[in-house]
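There is one chain below, alone, in structure tokens, taken in the form predicted on its own.
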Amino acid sequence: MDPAGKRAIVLGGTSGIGLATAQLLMQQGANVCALSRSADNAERARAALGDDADIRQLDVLDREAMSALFAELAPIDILVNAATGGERATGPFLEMDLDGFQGSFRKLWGYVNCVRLGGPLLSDNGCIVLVSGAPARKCPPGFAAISSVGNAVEGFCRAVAPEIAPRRINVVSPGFIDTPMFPVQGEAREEFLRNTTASNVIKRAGTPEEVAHAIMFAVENEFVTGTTVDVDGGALLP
């Protein structure tokens, strides 16, 4: 698929991986609508995407609003969901608040919503890309909720890929990526990133742009569906 002239929607498209993806799609000539539930992120994204960018507010759990917006923008060629859906619970599982664990699955429900509501509006050769994470298959201590959600996202992709063909759906699974999701700044941030990626084969955090290029691979390669593309610096290796 050549993104030029195509209609692309990026949920979570005003920060981190989603913003980098929206930028890359725009650079390649796609007509991009970047969505965010955060008004602050939407305003900051204008500096990166330009004043003419189509940036709108949307909560991925609001099915009615999502359905209306997708219908307005249809037909859709490229649908990318990098939205977290809300807070994600971390910490020792046996001490974890179960409401927090359950709440982490808002990410999955946001993905399910966009595929169910956006899928019927995809063009015949349209594609969907979701974002999982390396903990889905190699879970460090304290990441049980995030790992479980990632597993569900990847399983969901494999389950629905045959049903929506010839339209395609894939997952991109990042390792530890340096995004605004981690609010620590300065030397403490550098130390945190260094310690977190010390066991990687590539001993650094990834960048949103590196993940965005993997998303573009899943968009452009028309022989790839139902699969997971890892961008993790070798984090999954023994």
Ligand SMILES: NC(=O)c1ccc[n+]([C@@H]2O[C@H](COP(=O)([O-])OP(=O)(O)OC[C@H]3O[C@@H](n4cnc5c(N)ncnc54)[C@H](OP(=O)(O)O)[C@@H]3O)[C@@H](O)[C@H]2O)c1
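Just so it is clear, the model here is predicted, and its values are computed rather than measured. Heads up: residue numbers just count along the shown sequence, starting at 1.
The same protein also exists as the form predicted together with this ligand; that form is not shown, yet it is the one meant from here on.
Contact with this ligand in the predicted bound form holds for all three of S36, A82 and P174, each having a heavy atom within 4.5 Å. Here the chain stands alone, but in the predicted bound form its contact with this ligand, taken as any heavy atom within 4.5 Å, falls in 128-136 among 67-75, 128-136, 114-122, 95-103.
The listed set Q28, N31, T179, N200 contains one residue whose heavy atoms approach this ligand in the predicted bound form to within 4.5 Å, identified as T179.
Although the partner is absent from this view, I17 contacts this ligand in the predicted bound form, with a non-hydrogen atom inside 4.5 angstroms.
Although the partner is absent here, L58 is a contact residue: one of its heavy atoms lies within 4.5 angstroms of this ligand in the predicted bound form.
Mapping the unseen interface onto this chain, P140 falls outside it, with no heavy atom inside 4.5 Å of this ligand in the predicted bound form. Though the partner is left out of this view, G91 does not reach within 4.5 Å of this ligand in the predicted bound form, counting heavy atoms only.
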